[in-house]
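Coming up is one lone chain in structure tokens, specifically the form predicted alone.
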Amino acid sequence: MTPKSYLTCTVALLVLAAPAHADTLRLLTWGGYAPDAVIEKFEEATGHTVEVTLSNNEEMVAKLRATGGGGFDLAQPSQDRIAGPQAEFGIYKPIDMSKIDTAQITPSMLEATKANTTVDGDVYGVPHVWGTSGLIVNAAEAGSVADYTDLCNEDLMGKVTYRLKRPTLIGFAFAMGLDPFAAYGDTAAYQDILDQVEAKLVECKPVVKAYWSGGDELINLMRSGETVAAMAWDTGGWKLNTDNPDINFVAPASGALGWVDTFVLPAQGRADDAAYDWINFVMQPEIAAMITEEAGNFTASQGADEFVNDALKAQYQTSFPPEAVDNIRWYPPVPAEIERIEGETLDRVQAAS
């Protein structure tokens, strides 16, 4: 059966299973996560209608906090914006995992998201769209770069770029055999990790061409050949690969650093059935591929990479063999005190001669 005929059959079955009393799904989400073509297929298949409000993390939490979790039936904050707001404001309701078709979701992503969104024993989020930071490498010029600390190799003198931001601190720590996420609850232990990373980053400064601060700057440095290895996001690597096949995103040996935008149920949502139907519908591999084509990032739908365009599929599968996906280090919620000491560390690295 072809992917197209499989999708047709799936939609037909969903139409037969459409609820007798269809609801309107009020969806609070990011741009690209609910393409018009996907909404049309969902409405046809289920009988529900969809109203989309585009937002971002800060606005999502603010809107739900202002209404006590009302006004929407499904929202999509990042996983690190769930446990804290729920514990403080009670703006979400638990996910009934029996209503989620978990067989469609990449197991390692599902388990990590459940762990990071559990409050008092209840799960409040399941994964949807994700992305990572890792390495962008010109294999013809820097083929030996396989982990973050390889960006310090002397044979790359003046040919490396990365940001002075949290991902660099975290990535270098993991590559040095440390576990910064495990130390989030112990400020002294975390400071000790940062001190070691700071020393390493200061030692590496002569190798660095520039600390990039924007996506265009990074792309230009790599495209021009001024730099041959970088720490950056996966979609940037794939964009560069389209122009130069020697350049691609590489998942570091110690693990790419991953973010996940989730599905959550607002506390006063009134169309839970429609929300669960949407989650299960968009996590079908063929539908998830449509979202990837629109948003640019992959979803946690297992096997969806087989349905995207051939170029993106090849880039993804080269960067993320299954073992690399399972090795992703997913960002947990960040304690406020951690942000302060990270900022101080980055300032000292910047100022070091």
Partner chain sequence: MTRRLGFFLLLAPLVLWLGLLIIIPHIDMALVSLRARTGPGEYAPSLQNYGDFFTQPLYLMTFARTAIMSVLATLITLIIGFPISYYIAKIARGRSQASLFLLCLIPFWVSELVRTFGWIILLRETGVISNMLQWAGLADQPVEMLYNDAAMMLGLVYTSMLFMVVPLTTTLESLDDAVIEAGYDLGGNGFSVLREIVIPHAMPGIVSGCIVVFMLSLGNYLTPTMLGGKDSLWFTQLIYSQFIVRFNWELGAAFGFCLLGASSLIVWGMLRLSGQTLERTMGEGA
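Computed from a predicted model, the values in this text were never measured in an experiment. Numbering follows the first chain given and starts at 1.
Another form exists, predicted in complex with the partner chain; not displayed. Remarks below refer to it.
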### Task
Specify the contacting stretch among 138-146, 263-271, 217-225, 182-190, defined as having any heavy atom within 4.5 Å of the partner chain in the model of the complex.
217-225
### Query
Might Lys239 be said to contact the partner chain in the model of the complex, defining contact as any heavy atom within 4.5 Å?
no
### Query
Glu59: heavy atom within 4.5 Å of the partner chain in the model of the complex?
yes
### Message
Even though the partner isn't displayed, in the model of the complex is Lys209 close enough to the partner chain, meaning a heavy atom within 4.5 Å?
### Response
yes
### Message
Under a 4.5 Å heavy atom criterion, is Lys313 part of the interface with the partner chain in the model of the complex?
### Response
no
### Task
Identify, from the list Asp120, Asp155, Glu88, Glu203, the residue with a heavy atom within 4.5 Å of the partner chain in the model of the complex.
Glu88
## Note on the structure
In sequence order, the residues of 313-332 that place a heavy atom within 4.5 Å of the partner chain in the model of the complex are none
